[in-house]
Structures are given as structure tokens and as C-alpha cells.
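Shown here is one chain on its own, the form predicted on its own, set out as C-alpha cells.
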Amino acid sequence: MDRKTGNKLVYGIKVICVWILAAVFLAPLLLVVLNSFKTKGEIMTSAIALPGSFYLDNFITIVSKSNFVSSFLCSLFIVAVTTSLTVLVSAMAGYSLAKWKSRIAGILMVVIMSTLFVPFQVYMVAMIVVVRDLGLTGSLLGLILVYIALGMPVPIFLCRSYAVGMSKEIEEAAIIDGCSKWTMFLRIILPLMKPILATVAVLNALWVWGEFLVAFLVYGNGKPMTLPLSQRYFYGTYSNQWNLILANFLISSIPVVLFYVVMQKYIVKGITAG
């Protein structure tokens, strides 16, 4: 076997492996899509068979007879507020840590990143106690603050890494032109950090939109519910409404998938630069 034939063989094996992995990852999504158009009886008969007809009553029931609309708006509000504050705070913290030439800045960065190595289950109970003592249990404010706190280490790390490579001459020119530090940060630094901030926004929005455990522990049965919390009401003690569960999953996935498609060009660019 010559070298050219060997390279083609290796390339063919890689392509086959990629298609196999793609099929493995896409199979659950395909099952969700197929079963969301079935009746409960069809799902119980065969979960992998094609639907006999596209049964749209599942989606009509979800939208008209459940709390889907209020839950959707609640999740949208939480994602918008949490992502906006996370982007702003992480940009300020990351830029400050990058430009602060002191050993204290390095120590602070190590402390911030060390929180990633502590499993959530270790401090989960302590977090619940603190939130309860502050009177934030069952409130959207408490949930948003917890999301911001838990989701801050990685955005700060990315923003700091990005800000380290920013030219110092731009800042000096802005100061010479009479810009205050706050004006310089808003008008010059933030626009320059747009790629990494878009990456932070996408990663944070994807996490918050589908997060269940923290919402359940902090927000509980608060009204209105978030989308992940509202989905648990389709689960019964002896029977689960799989047709409604999967239809709800499908509808809930559409906004975040569209958001990812629109913002995906910033993700690779931002992570590479950061």
C-alpha cells in the first residue's frame, strides 16, 4: 500500500467515525422530535416508530392549557437579566484583573478559578441556608443572584485572558483625549471585548435557560415558574405524559437553538482569542 492510498484510507476511517458520532448524538434529538408528534398510546406502543400522523394537539395543549406562556416569559426574563449582568460584571472584573499589576490580582484569580474544582453538591446545602437567611428563597431576585454568582468564574477567566492581549496604547490615547476611566471602559474597552463577551453571553444563556437543580432549590414552587420547573408537572407518580413532556422539550429548545445559531460565529472566535 503506497502512502497516498494509506492517507485516503485514514481519511475514510475518520469520516466514518465522525458520522457514527453524529448519529449517536443526534439519535436522542430525533426521538424527541418524532415522539412529540405522537399520542401517548403510540409512544407506549413503540418509541422508535414513525408517527402515524403528525399529531399537533400536544403542542396546542402545551400552549393553551398549561402555564407555558408565563413560564416562557419568566425564563426569558431571568436569562436576559442574568446574562446582561454576568457580561457586565465579568468584563469589569476580567479587565481590572488583567491590568492590575500586583500579586494580589494573581491571588484573586486563583481563588476565583479554584471554585470550579469544588463540586456543587459540596456547598449546595450551605448555599440554600445562606439564601434562606437572606430571605431570598422563592424569589426571582434570589435566583438571579445565585445564577450570577455560580456562573461568574469562567466568564471572568475568559475576559481576563482576552483583556491581557489588548493594546495599552489605546487606553493611554483615550486618557490623553480626556476620557474618564468609566467612559473609556464603556466606549472603548467594551466594544473591543465584543467577541469574548458574545461567547460569555451564549454560554451563560444556554446554561441558565435549561438549568433545573438550582432553580428547584432556590426558587422552588414560586410563581411564575421557569420552563424546566414547569416541565416536572407532566410527571406523575404512576404515569408520565410523555407526549406532552417531549412536545414541551421541543418547543422550549427552539429559542435557545436559534440564539446559538445566530451567535455561533462569535463562540470560536471569542474562545480562541480568550
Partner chain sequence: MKKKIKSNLFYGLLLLPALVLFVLFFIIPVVQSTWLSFTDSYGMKSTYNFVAFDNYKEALRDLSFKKTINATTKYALLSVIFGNILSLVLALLLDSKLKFKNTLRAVFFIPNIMSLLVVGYIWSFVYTSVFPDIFTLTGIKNFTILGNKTLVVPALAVVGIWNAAGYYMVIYIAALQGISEDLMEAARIDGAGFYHLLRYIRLPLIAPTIFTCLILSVAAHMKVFELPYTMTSGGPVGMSTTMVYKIYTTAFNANRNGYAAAQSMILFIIIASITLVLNYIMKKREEKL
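C-alpha atoms forming the largest set that superposes within 1.5 Å between two forms make up the rigid core. Here the structure is a predicted model, which is why all the values come from computation and not from measurement. Numbering follows the first chain given and starts at 1.
Only in words, not in the display: the form predicted together with its partner chain, which the text now covers.
Participant: Would S46 show up as a contact with its partner chain in the predicted bound form if we use heavy atoms at 4.5 Å?
Facilitator: Yes.
Participant: Taking 4.5 angstroms as the cut-off for heavy atoms, does S167 touch its partner chain in the predicted bound form?
Facilitator: Answer no; every heavy atom of S167 is more than 4.5 Å from its partner chain in the predicted bound form.
Participant: Answer with yes or no whether T226 is in contact with its partner chain in the predicted bound form, where contact means some heavy atom within 4.5 Å.
Facilitator: Although its partner chain is absent here, T226 would stay clear of it in the predicted bound form, with no heavy atoms inside 4.5 Å.
Participant: For V131, is any heavy atom within 4.5 Å of its partner chain in the predicted bound form, or not?
Facilitator: V131: yes, in contact with its partner chain in the predicted bound form.
Participant: Answer yes or no: in the predicted bound form, does its partner chain come within 4.5 Å of a heavy atom in every one of A126, I156 and S253?
Facilitator: Spot residues vs its partner chain: full contact, yes.
Participant: Note which of L50, L29, V69, I60 lies within 4.5 Å of its partner chain in the predicted bound form, where distance is taken over heavy atoms; exactly one does.
Facilitator: Answer to the contact question: L29.
Participant: Taking its partner chain in the predicted bound form, which residues along 105-127 bring a heavy atom to within 4.5 Å of it?
Facilitator: The stretch touches the partner through L108, V111, I112, S114, T115, L116, F117, V118, P119, Q121, V122, Y123, M124, V125, A126, M127.
Participant: Would you say C179 moves its Cα by 2 Å or more between this form and the one not shown, aligning on the core?
Facilitator: Superposed on the core, C179 moves its C-alpha 2 Å or more between this form and the one not shown.
Participant: Is A47 displaced by at least 2 Å at its C-alpha between this form and the one not shown when the rigid core is overlaid?
Facilitator: Yes, its C-alpha moves 2 Å or more.
Participant: Answer yes if the Cα of V208 shifts by 2 angstroms or more between this form and the one not shown on a rigid-core superposition, and no otherwise.
Facilitator: Superposed on the core, V208 moves its C-alpha less than 2 Å between this form and the one not shown.
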